[in-house]
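Have a look below at one chain only, the form predicted alone, in structure tokens format.
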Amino acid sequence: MTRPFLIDTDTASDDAVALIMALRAPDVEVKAITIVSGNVTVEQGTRNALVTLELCGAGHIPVYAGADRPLLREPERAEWFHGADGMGNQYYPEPQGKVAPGHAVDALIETIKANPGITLVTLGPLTNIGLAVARAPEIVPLVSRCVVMGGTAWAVGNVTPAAEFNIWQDPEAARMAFRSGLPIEMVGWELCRFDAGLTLAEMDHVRSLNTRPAHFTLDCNRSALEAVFVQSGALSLELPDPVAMATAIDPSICARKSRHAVDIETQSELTRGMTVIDQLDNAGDERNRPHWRPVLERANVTVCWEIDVLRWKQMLYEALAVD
């Protein structure tokens, strides 16, 4: 029996690899893919998703274009990281597939209502999600899991010192999603770093699989590999969206997790988009009430603190070994 997945993404290089993992998972049925402004424009993200689906022979899955900008902010892009086309400057040929009619927010609402118990996986800014839960709050209890690639549990950001790109891009929408009651599992950016990144030898192993998805994975992430080295000096391929997708497919990939009150900073430019985690449950401690009255008084998010690195990489290899 397959599990229904709904994936919201700003498709660039690591998002594409995450899509491959979902499409290759034998017990997952991707019902729809919705596109949001983020790494690239909605138009480019839609094109990149269609290219990836075509590679995997999954052109029947509908792709819907969604919000083309954050709720209140000017859109920012990450071409410096992913390349001008979001795919390592590979400039893949125009896909044969076309964007599905209708708006991504409507598709999110309709797909969730048609598939109670669905797993929602978000790989980009949460603009589409914030709009969907605001328009149709009745969808919230119909989602069994909402796996969010976003934020950082350790307050080390990849776009500012305090914030991860997806949350920073549209913090107001992220706050709406986090406060909505969705069963959010936060898989932060930092979980793809250090031992979780692919070493040069591991990238050679991926290339040796000699399948189209394996070559595609390394080629479309060429700019990302270079950007990681410039940003941190690491000679490794860090893949945050595939790590989140691995956790969505197999929850045991998250080796250590706990539930906390988590909110999003929207006012400060210094810490805009910071995922503020009440790790010590100060909100629930009456002794702290005279000093701090939190907005969120109950745990609303499951935070993944650590992943099973060996299992995550094995899942990636298994997905890429299928041509």
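Keep in mind it's a predicted model, so treat the numbers as computed, not measured. When you see a residue number, it is the position in the sequence shown, counting from 1.
Not pictured, yet referred to below: the form predicted in complex with a small molecule.
Considering non-hydrogen atoms and a 4.5 Å limit, which listed residue (247, 217, 128, 166) is close to the small molecule in the model of the complex? Contact with the small molecule in the model of the complex is made by 166 alone.
Which one of 119, 158, 180, 111 is close to the small molecule in the model of the complex, taking close to mean a heavy atom within 4.5 Å? Among 119, 158, 180, 111, a heavy atom within 4.5 Å of the small molecule in the model of the complex occurs only for 158.
Just one of 233 to 241, 139 to 147, 95 to 103, 201 to 209 has residues with a heavy atom within 4.5 Å of the small molecule in the model of the complex, so point it out. Answer to the contact question: 233 to 241.
I'd like to check something about residue 123: if you look in the model of the complex, is any of its heavy atoms closer than or equal to 4.5 Å to a heavy atom of the small molecule? Heavy-atom contact with the small molecule at 4.5 Å: present for residue 123.
is_contact(residue 275, the small molecule) in the model of the complex, heavy atom dist at most 4.5 Å: No, residue 275 is distant from the partner.
Does the small molecule get within 4.5 angstroms of any non-hydrogen atom of residue 39 in the model of the complex? Yes.
Triplet 170, 175 and 265 all within 4.5 Å of the small molecule in the model of the complex via a heavy atom: So, no: the whole triplet misses the small molecule.
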